[in-house]
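Shown here is one chain on its own, the form predicted alone, set out as structure tokens.
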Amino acid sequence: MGIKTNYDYDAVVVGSGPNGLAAAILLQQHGLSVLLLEGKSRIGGGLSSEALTLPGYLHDVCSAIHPLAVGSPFLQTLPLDQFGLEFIYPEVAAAHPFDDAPAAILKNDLYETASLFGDDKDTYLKLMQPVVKNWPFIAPDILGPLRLPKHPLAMAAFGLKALQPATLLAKHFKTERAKALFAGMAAHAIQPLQNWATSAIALVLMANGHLEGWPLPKGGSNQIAQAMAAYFTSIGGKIETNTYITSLMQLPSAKTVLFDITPQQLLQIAGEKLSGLYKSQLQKYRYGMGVFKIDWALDAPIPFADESTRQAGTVHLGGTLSEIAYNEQQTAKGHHPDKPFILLAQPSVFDPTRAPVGKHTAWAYCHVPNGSTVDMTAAIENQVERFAPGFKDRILAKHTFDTAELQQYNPNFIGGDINGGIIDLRQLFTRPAVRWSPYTTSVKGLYLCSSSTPPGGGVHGMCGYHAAKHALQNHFHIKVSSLHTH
């Protein structure tokens, strides 16, 4: 990049997803001049909301429900409510219906949730109470790079549970309802539940459900990005859209550049500058399963047979633990199960801004092999119909994304992988490469701040926060104070 005495900016951030926005904000907060570049006409990356089906029906293109946004140690410090962000909190955070039994549900109250599991009440409390109690202390370490934890005993207690395969930890429960709820939570890891460390995502999501709830932003997920951008510009930051970067030559001069992209794009943009070893590691970086997504415009709410499921912000459709584990494993092997595990949200039930009066929007996806272009519409709709007879009669219009279309919409979704790379044990803390700091590249001043760095996928901004923190310390000799959760 060359040595210059005068720079256009102290820092340039490429990509305006939640991590790019978080990085830009932290750098600007510490007095730097920061330019944020976005390739599309609208900021947000996966935080996007559009009328995909019919006029007046607002759909979240990628993320819809945001437990980690309100549980994020960094996002909690930002006055986003002053910039128009309002969260809505469904009383039932998540529901997991069955064919012939009441749904298992995750409510915001830990003890109320535990009491619903009958024989598993004490087991549930034993599993979740310590995680909920210790979350404020361990969250900054869980949502960050591998390092010596500030609270080693609490972290060790979490780690002993979190590192287990979900199929193993779920065996502590006696009832199928508790086992299945845990399996649905673990399936957010987008990998076989037999894999080590798949319990981690389940514990984190459930703990955040009990601490902060699983909220949705009023007016769509893009409101999170808009609020972050408004705050960023209010403290002096600059944003340029419609600037798609394919080469380092396009960038204005800066002391540091942070990329909210995955290794594949970094190789394309900066490959000739990277060292042979680092480039080799990026070339071996592994992407995980993709997703096939459907958005529906509906003339009425989804008629779930189970009443509590109708009140849930998020619904997991997949049946028992064994059924979910089998189908996720089959998908990882390259197959397309007839009854895939489905994540579903129906934001309009809680947020009337999403659809015309009396009408509704719904959103669902299943996991598919990376790069798959198989149409899973029928399989997904049959699964919804299985637990909500009459659902298909309520569909007014639909819009689908296969993995290729998702990647075209957002180049970070390589092969439909919405997590920026598989987060299995091999890539949990070494994403995207084995380095002292996973955010640095082999080029001085060039950083990666995307979900391809720890802690990985989700709308929490912590990848961007940590990358910016390293840049501030390494290049500007500015020490950033430690984060604490509420």
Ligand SMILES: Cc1cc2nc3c(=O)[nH]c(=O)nc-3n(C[C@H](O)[C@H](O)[C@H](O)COP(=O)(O)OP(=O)(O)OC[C@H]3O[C@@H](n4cnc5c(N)ncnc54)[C@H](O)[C@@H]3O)c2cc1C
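Computed from a predicted model, the values in this text were never measured in an experiment. Start at 1 with the first residue shown and count on from there.
From this point on, the text means the form predicted together with the ligand, which you will not see here.
In the model of the complex, the ligand stays beyond 4.5 Å of every heavy atom belonging to G31. Residue contact check for N208: none of its heavy atoms lie within 4.5 Å of the ligand in the model of the complex. A residue is said to contact a partner when one of its heavy atoms sits within 4.5 Å of a partner heavy atom; G159 fails this definition for the ligand in the model of the complex, lying far away. Under a 4.5 angstroms non-hydrogen atom cutoff, the ligand in the model of the complex lacks F387 among its neighbouring residues. Residue Q265 is the only one of N222, Q265, S348, Q383 with a heavy atom lying within 4.5 Å of the ligand in the model of the complex. The listed set V70, I422, L52, C62 contains one residue whose heavy atoms approach the ligand in the model of the complex to within 4.5 Å, identified as C62. Only one listed stretch (286 to 294, 107 to 115, 299 to 307, 228 to 236) carries heavy atoms within 4.5 Å of the ligand in the model of the complex, and that stretch is 286 to 294.
Along 222 to 243, a single residue, T243, places a heavy atom within 4.5 Å of the ligand in the model of the complex.
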